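Single chain ahead, by itself, as structure tokens, in the form predicted on its own.
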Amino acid sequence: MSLNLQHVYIGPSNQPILKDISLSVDAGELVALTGMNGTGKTTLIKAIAGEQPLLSGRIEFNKKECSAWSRNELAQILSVLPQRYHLSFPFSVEEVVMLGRSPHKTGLKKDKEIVASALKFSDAFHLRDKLYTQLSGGEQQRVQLARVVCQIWQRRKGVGRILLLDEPNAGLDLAHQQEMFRRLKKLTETGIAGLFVAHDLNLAAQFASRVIVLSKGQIAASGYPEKVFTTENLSRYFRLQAEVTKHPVHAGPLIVPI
């Protein structure tokens, strides 16, 4: 097990934003975190990343409480793609992605090899010499994905890696969305526990190992996509009237709003 949350509460004691959140993500899984706006998805990602204090509860990485890890140790196994990332300095794309290697001491030659691999992973290698500030929004998103992926690129014997992604497909065209999730799926299968925030339920249904639905600050549903994405749950937790059928190509369900 790589990531484990036990009875986590976040927010003011009189009105917590998140209440009694218990979940786990194992190495090899790519789990979708879904729910309507304001249900606490980004807050939960920030709490796991250590950017949001807990009111109570426990978060563990590799069976070790998060507070027991040094910041540098944690940065070598945990990487986070936030919902928004602002960078106004005139760095080249390669320099931006190289920031992901900061926690490591693998040497410039090895770091450059990993950066190149991460850029190819996110289909941004051809942008490596361009200024980051001159890229389109979708291109910047692919560069940021390369940055967080290169941070945990190397396998570490006996230590699981964790990848947190808050709406990773934001700004991407349809082709890049599909390709990105295919590659993320394969990447997590190398021993990474992946948790991503998703508003596109069909993308979650297609690529997620499991789906977790937040509603009113609590876990309302959790399980395989075909078990979670029912007409009843879509109406109750997403206020969405939809038909759910078997997808004609992949094994997950197809959600058709009506």
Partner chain sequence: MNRAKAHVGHYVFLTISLLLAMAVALSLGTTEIPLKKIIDSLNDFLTFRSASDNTSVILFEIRLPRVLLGFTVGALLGISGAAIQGMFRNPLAEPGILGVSSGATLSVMLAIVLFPGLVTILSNILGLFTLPLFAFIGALVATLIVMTIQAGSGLNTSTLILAGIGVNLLAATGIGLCSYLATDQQLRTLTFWGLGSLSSANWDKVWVCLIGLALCLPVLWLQHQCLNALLLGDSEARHLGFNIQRVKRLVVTFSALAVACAVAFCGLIGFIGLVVPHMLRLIFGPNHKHLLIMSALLGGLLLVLADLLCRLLLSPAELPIGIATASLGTPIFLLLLVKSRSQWI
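Every value quoted in this text rests on a predicted model; they were computed, and no experiment measured them. Numbering follows the first chain given and starts at 1.
Omitted here: the form predicted together with its partner chain. The next part is about that form.
Of the candidate stretches 115-123, 141-149, 167-175, 154-162, only 141-149 has residues with heavy atoms within 4.5 Å of its partner chain in the predicted complex. Annotated contacts: 86, 91 and 129 all touch its partner chain in the predicted complex [non-hydrogen atom within 4.5 angstroms]. Although the partner is absent here, residue 55 sits far enough away that none of its heavy atoms falls within 4.5 Å of its partner chain in the predicted complex. Its partner chain in the predicted complex is not approached by residue 65, whose heavy atoms all lie more than 4.5 angstroms from it. In the predicted complex, its partner chain sits within 4.5 Å of a heavy atom of residue 49. Taking the partner from elsewhere, residue 187 is found to have every heavy atom lying beyond 4.5 Å of its partner chain in the predicted complex. Annotation for 216-252: no interface residues with its partner chain in the predicted complex [heavy atom within 4.5 Å].
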